[in-house]
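In the block that follows, a single chain appears as structure tokens, in the form predicted alone.
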């Protein structure tokens, strides 16, 4: 299916910003200039600019135009407001990555699991523990619960590659909404066993509840991150 015009314009402008053809704090060309350049309507240009605003590339001000606010952060960063996978993160940052499954079992949610995950009592789940390696170093411990009626046919091989890629490719499912909480906790025996802590006695703990397009919470994950490796990045707009 061909891309709509405003998406093509958005992607072209985004690429030019990322390549510093339009630099930080520089104004984009005027609407009239962009209309002529892309041979489109003013509304099409405005939709493309609106997407750039939503994604944090530009900021608009009446009477001044669209100013570039994008900066390429040099540290590894997770997009805290996105459902980016570990594999996607590693590829985006050009990092060697590996995932090793240390626990893979099928359980039925009881009261204790429900209290911990908020998954419904009686639902069958896959319980998985995975160690994430970046550039050869174990940096994340994931504790996952996936509903079996949504994430059907899950295997160790899939869990060591990308569960979300499997969901989209084989099951026509995708993560739509993520609710996350981030705290810092003291390390546990498991953290010390599986992670390279480099002298740290605490970890960054991100708890996620993930919902599909039907509004079903199909995943609960607790990710325990070594503090010295990641920056969590988010962006907001004041309405």
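Residue numbers count along the first chain shown, from 1. What you are looking at is a predicted structure, and each value in this text was computed from that prediction instead of being measured. Rigid core: the largest C-alpha set superposing within 1.5 Å between the two forms.
Although it is not shown, the form predicted in complex with the DNA is what the next lines describe.
When contacts are judged by a 4.5 Å heavy atom cut-off, residue 56 does not count as touching the DNA in the model of the complex. Taking non-hydrogen atoms only, residue 212 never approaches the DNA to within 4.5 angstroms in the model of the complex. Contact between residue 63 and the DNA in the model of the complex is found at the 4.5 Å heavy atom cutoff.
Though the partner is left out of this view, residue 42 does reach within 4.5 Å of the DNA in the model of the complex, counting heavy atoms only. Of the stretches 28-36, 173-181, 200-208, 186-194, only 28-36 has residues with a heavy atom within 4.5 Å of the DNA in the model of the complex.
Here residue 187 does not count as shifted, since its C-alpha moves by less than 2 Å between the shown form and the other one after the core is aligned. Residue 58 shows a C-alpha shift of 2 Å or greater between the shown form and the other one [criterion: core-superposed Cα displacement of 2 Å]. If you fit the rigid core between the shown form and the other one, you'll see the Cα of residue 218 move by less than 2 angstroms.
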